[in-house]
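Take a look at this single chain in structure tokens; it is the form predicted alone.
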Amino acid sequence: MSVRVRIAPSPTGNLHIGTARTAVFNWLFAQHNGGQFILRIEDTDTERSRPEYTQNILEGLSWLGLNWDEGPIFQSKRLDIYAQAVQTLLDKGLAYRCYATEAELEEMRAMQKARGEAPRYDNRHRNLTSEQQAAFAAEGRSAVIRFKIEDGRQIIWNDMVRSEMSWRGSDLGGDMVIARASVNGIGQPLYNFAVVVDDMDMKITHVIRGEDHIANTAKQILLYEAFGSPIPEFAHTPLILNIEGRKLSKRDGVTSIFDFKQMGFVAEALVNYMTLLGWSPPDSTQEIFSLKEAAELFSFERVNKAGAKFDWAKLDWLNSQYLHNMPVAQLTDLLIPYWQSAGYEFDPVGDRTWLEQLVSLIGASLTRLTDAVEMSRLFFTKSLEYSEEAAIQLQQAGATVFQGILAVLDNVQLTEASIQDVIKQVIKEQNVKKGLVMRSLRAALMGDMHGPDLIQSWLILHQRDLDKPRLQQAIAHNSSPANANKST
């Protein structure tokens, strides 16, 4: 059997991490089995579906590397197929027109609640005569199409994650609406019906989705049987939970896939992390792998039943590992848009060599791409604001240290070796300790006592002619009346 799986998002919002994780599991399973991964857009909700959401979904899956083999297939272009399928069930006597009004249904539910019963449709229009149907139609009532569900039926399937699953027909809420109301014909199909018709037509062999679809699966199995169609295998994956163990929501700071991108996560790290949300590799010590590597290892035997807790610290760690091991040129390409958004002035082409030197300097300290904005600010700004520690250090150094360095710089071409010579010369001429000079240089050039390597930073600043103005700024800072008084 050739494996065929699908991801079927609704374009009523941006691609969310829950949908993306489902897509990951489908893609991995297809790849592992040499199968096909199909993309279907379930856009029959015309009021809420938006083309910009469709575009977001397509771009998000592509960014994550989840390329599809067929599609995108749009449900909105298949309405005639659904109508024909509904008619098939009507002709078989497995579905019928229900003319109950919303007011009647509300009254029915209120009575059930008063008796302490679970709300369900009471199948009141299941056996209407043609005369009764005509009378309701004459009143101007429109009819939904309901599919018959027998209360005594037991629905059993072997879930690839949860083993044997069993539902009673009586727990499914009565006869199911499969198409919306229409005065003259068959209205818009509803989810449980359209998805079965699609999966039959597309020959889907395995349906992989979240555990919140389990009740839907029982209903859908009945529809497969009604059409005389082979029933796919089902895998219901664990939900993604927050730290308190509740279903993850936007309140937990989790948003669309492209918001993760804007937060500074790279696609490789995010998709790596999503593979670990509910699945564990055979080697429990392995945490970093590509999609291709994960696909070779993937099986539903290692997918957990319990919910998967979302761990920001783990995602940050994974992201840092990808950034630290990324080629400098690739990392530079990723960082340029963040620097541009921050308003930093540079030529992406003309300053390329300098930018790559900067990336080489700060790359090993990055956790997210966004960290580079603040971390590299001092290399793009002409003047500095001193931290409290740096200001104190400048006072301890006094102006003569910086004057001595400036005097030597006029006759030196800066390299790593020549910087060391400059420092040695100043130490000797001014009879000061090396530690004082090094700390003072950091304060003057970087405005802080913490940061990347001092010598490499100096060389990068020098290439943009920022080192001498900063040494002069340090002298001016110490010479100002307020700071001069502090040093005496």
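In case it trips you up, residue 1 is the first one in the sequence shown, and so on. Just so it is clear, the structure is predicted and the values come from calculations on it, not from any experiment.
Note that the form predicted together with ligand GLU isn't included here; everything after this is about it.
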Practice item. Can you check 115-123, 208-216, 170-178, 344-352 and let me know which stretch has heavy atoms within 4.5 Å of ligand GLU in the predicted bound form? Key: 208-216
**Study point:** Partner contact for Ala8 in the predicted bound form: ligand GLU, 4.5 angstroms, heavy atom
**Key:** yes
Check your understanding: Looking at the partner-bound form in the predicted bound form, is Val303 within 4.5 Å of ligand GLU by any heavy atom?
Key -> no
Check your understanding: Closest heavy atom of Met200 to ligand GLU in the predicted bound form, within 4.5 Å or not?
Key -> no
Review point. Quick one: does Ala295 come within 4.5 Å of ligand GLU in the predicted bound form, counting heavy atoms only?
Key: no
Revision key, fill the gap. Students should find that, of Tyr322, Trp279, Tyr191, Tyr82, the residue having a non-hydrogen atom no more than 4.5 angstroms from ligand GLU in the predicted bound form is Tyr191
Exercise for review: May I ask you to choose, among Leu331, Leu291, Ile186, Val195, the residue with a heavy atom within 4.5 Å of ligand GLU in the predicted bound form?
Suggested key: Val195
